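First comes one chain, alone, set out as structure tokens in the form predicted alone.
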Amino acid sequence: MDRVVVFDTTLRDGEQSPGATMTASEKLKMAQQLDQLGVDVIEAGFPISSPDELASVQGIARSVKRPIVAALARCTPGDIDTAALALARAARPRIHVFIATSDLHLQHKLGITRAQCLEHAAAAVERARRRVDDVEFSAEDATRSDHEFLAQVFDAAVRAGATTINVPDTVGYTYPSEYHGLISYLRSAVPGLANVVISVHCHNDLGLAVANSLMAVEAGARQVECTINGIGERAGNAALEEIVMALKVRRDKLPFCTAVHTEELYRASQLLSRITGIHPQPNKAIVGRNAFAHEAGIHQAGMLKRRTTYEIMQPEMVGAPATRLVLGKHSGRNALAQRCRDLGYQVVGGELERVHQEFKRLADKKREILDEDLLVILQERLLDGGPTRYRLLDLEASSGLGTAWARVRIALPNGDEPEARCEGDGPIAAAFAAVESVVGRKVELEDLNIRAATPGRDALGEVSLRVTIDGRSFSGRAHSTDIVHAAVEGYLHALNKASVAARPLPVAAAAEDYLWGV
């Protein structure tokens, strides 16, 4: 059975979703989970984009050894050399170079001719091959490119030494039979493709990313580029979990396998949601809250008789929780550690102590601690959220029929602990105003989402928000049984991210190729 290579670009294309910016420590934690998931390739980032991005890719390359670690680069010497620097300590490095090939992009974005495009593509692959043995070449906007010219570019890239050729549907424009036809045409028009891996990278603008990816595999592609939860530019990318499970469940139609450990899919989805604050919709296939829920009476009756009447896969196949265990404030570390193991987390030493402390704090507020509570604690507390320049020391808030007010006291980087009291349209707005007054930074709230992360009247409230600080978008997250407290902690989380935000590309460099994706 042929194997399909799973190329995960959550940390590169996925992070380009508005508000999905991750700290270096968060990206490393996510990379470690992707390693555990069993993906073949992790695209760790775009090193030339900023010094912090370079350091982040270096950290992943240094720490994650089993999968191939890829770094993105435009077809320019500086990009390629920086990518090579980022991957210097990688056990299995790959440089991923790309250039647009559609006439639309060549004329209006890059301002170059087809001949120049061919020259840049070949030169970039040759330069990358002098630094690493594994080079992937992508033709941005391939599906809107002239097919004959696209074949010429791919032929040049293969001759220059590319080991993987990617055919991206950059703007989610193509449809399945059309994409199948393009892959088939390229295989016949470019003989050298028989000796390299054909890859596909599909965006979801028309909701066809997964369908297009599967049709490309049927046509001969053997690498799929995808992201956890389908996160990514605009409407997102092909969802890794959907592609993998489609290949697993429908082997009668798609006789291919992957190396992905499917029981890790749900945990990867949840971890990414906690990091970015972007949760999949409830009816999201495979990992959505309702993916294995059955409410209709006829469905429930069928399920009780035989699960396969209404389930084509079981929750345990993707690691989704199917049972609950109740713990309380008298539960000790051993019981807690065992339940963490049952949920798939090996928690020992200092990590166990951190989780246990948070568990005890929550147990003082809730009578029962459910699996859902533990998952929130595990995925929140085990994340090293990076810098904590601003730390909440005290919070008091009041609301009613009159004007709401809030008082906060915050520890600053210089050791001061100032406080401020502000009024606002509700206690959360008042608390945000007080925080802004203390830290002295202008923060524009873009989005605020409050949800019950666990069931029951004493549920953990989870706040995820997106703010604009100094013209850049940052996400924040936190949880608490007190929703105002969670909101303030989430606000500070975003501020702490902004305090060490990656510096953007210089305007001149960014203007050369404004789309950092394929």
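The structure presented is a predicted model; accordingly, all values stated were derived computationally and were not measured. Numbers follow the displayed sequence, beginning with 1.
From this point on, the text means the form predicted together with 3-methyl-2-oxobutanoic acid, which you will not see here.
Although the partner is absent here, residue 170 is a contact residue: one of its heavy atoms lies within 4.5 angstroms of 3-methyl-2-oxobutanoic acid in the model of the complex. When contacts are judged by a 4.5 Å heavy atom cut-off, residue 264 does not count as touching 3-methyl-2-oxobutanoic acid in the model of the complex. Not displayed here, 3-methyl-2-oxobutanoic acid is approached by residue 98 to within 4.5 Å at the level of heavy atoms in the model of the complex. Residue contact with 3-methyl-2-oxobutanoic acid in the model of the complex: residue 138 places a heavy atom within 4.5 Å of it. Interface residue among 226, 72, 408, 244 relative to 3-methyl-2-oxobutanoic acid in the model of the complex, by the heavy atom within 4.5 Å criterion: 72. A heavy atom within 4.5 Å of 3-methyl-2-oxobutanoic acid in the model of the complex is found for one listed residue only; from 269, 166, 276, 213, this is 166. The stretch that touches 3-methyl-2-oxobutanoic acid in the model of the complex, counting heavy atoms within 4.5 Å, is 200-208, out of 200-208, 336-344, 396-404, 187-195. The partner is not shown here, but in the model of the complex the stretch 5-44 reaches within 4.5 angstroms of 3-methyl-2-oxobutanoic acid through a heavy atom at 12, 13.
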